[in-house]
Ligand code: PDD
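Quick heads-up: it's one chain on its own, the form predicted on its own, in C-alpha cells.
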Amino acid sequence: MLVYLNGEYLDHDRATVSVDDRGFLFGDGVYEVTRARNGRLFEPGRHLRRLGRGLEALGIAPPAGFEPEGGALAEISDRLLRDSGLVSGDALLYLQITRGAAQRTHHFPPAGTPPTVFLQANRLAVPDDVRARGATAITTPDLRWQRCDLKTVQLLPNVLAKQQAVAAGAFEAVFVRDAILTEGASTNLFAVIGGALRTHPATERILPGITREVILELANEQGLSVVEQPVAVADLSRVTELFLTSTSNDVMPVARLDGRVVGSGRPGPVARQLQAALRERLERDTAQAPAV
C-alpha cells in the first residue's frame, strides 16, 4: 500500500513521522476524509474549503497545492488510488496536516517550520447490510471542547464515545449537550418530526459534515420540509425517523436508540429517499469527474 508523506510516495511500512511532530505530541493538526468512486473524488472542493477553514483557525499556513483552489489533493489522490489498485468501487482518501516537527513547547514553533502532510487511500466497505435493517445507537454526554466545527485530530472524546457504543453492541454514539442531541461520534444527525426534517444548525457545537451539506441540498431539491433546529431529548417521543450521515456511511437509518424503537423500527421513507438521491448524485458527479 502506497502513501504520501511530505512530498514522497512511500510504502506504507516505510512511512515514519518524527516523535517531535506536534500532531503526535499535541493533536495539533486537522484532517479530511474524502470519498472516491471508481477512482474519482466526490466533492473534493467542499473538503478543501473545510480543510482551509480548519487550517486558518489553527493558524497553520496551507501547504502549497492544498489551498481551496489547489490541485494537490486530486493529483496525489490519483496516484495513490491507481497504484493501490483502488480505481474501481468505493475508497476513502485520508489527508492529515499537522503543524510539523519542532522542539516541544506549548506555543507555536518558529515561523517557517514545515507542516507534516500525510495522505493514504483505503478500500471502503459501505455498510449496506446495516442500512437495510437500521442501525442501533446510544446516547452519551457531549464532553468535547467548544470548537467541534473544526475537524482536528484531537478525537479522544469521540474515540471514547465510539468505544462505548461498540461495548454496548451499537453502531454509533450520539452526543447530548444541555438536553440537546448534537451529532454522532463520527456522524451528523437528522430526525423527522411532524413530517419535517430536522438537524442541528452548523454552529461551533457540530462538525459541518460534507454529506450533511449535500443531504440538505438534496432534501430541498426533493421538496422536503427542512428545519435546521436541534433535536431535544424531550422531542424523541415525536421522532418518526432518525438517521446519521457521513462520508463513509452515506445515510444510515437508526432503528433503536438506547434500546428504544425509533418510529417503526425499520428504515423510514425519508432516509430511503435521501439515500437513493445521494447515491444518484455520487454516481453522476464521479462519472463526470476526471478519470485516474
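Sequential numbering from 1, following the sequence displayed. This one's a predicted model, so the numbers in the text were calculated from it and none came from an experiment.
What comes next is about the form predicted in complex with ligand PDD, which is not displayed.
Full three-residue contact with ligand PDD in the predicted complex, heavy atom 4.5 Å, for T140, Q164 and L257: The answer is no; none of T140, Q164 and L257 reaches ligand PDD.
Counting any heavy atom within 4.5 Å as contact, can you tell me which stretch out of 224-232, 63-71, 246-254, 22-30 lines ligand PDD in the predicted complex? That would be 246-254.
Note which of I210, V192, L119, L86 lies within 4.5 Å of ligand PDD in the predicted complex, where distance is taken over heavy atoms; exactly one does. After the contact test, the surviving option is I210.
Among T113, S186, Q154, T136, which has any heavy atom within 4.5 Å of ligand PDD in the predicted complex? When ligand PDD is considered in the predicted complex, the option within 4.5 Å is S186.
For N158, is any heavy atom within 4.5 Å of ligand PDD in the predicted complex, or not? Flag for N158 set to yes.
So in the predicted complex, is ligand PDD close enough to R53 to count as touching (4.5 Å, heavy atoms)? Close contact is absent here: in the predicted complex, R53 is far from ligand PDD, nothing within 4.5 Å, heavy atoms only.
Would R144 count as touching ligand PDD in the predicted complex under a 4.5 Å heavy atom rule? Flag for R144 set to yes.
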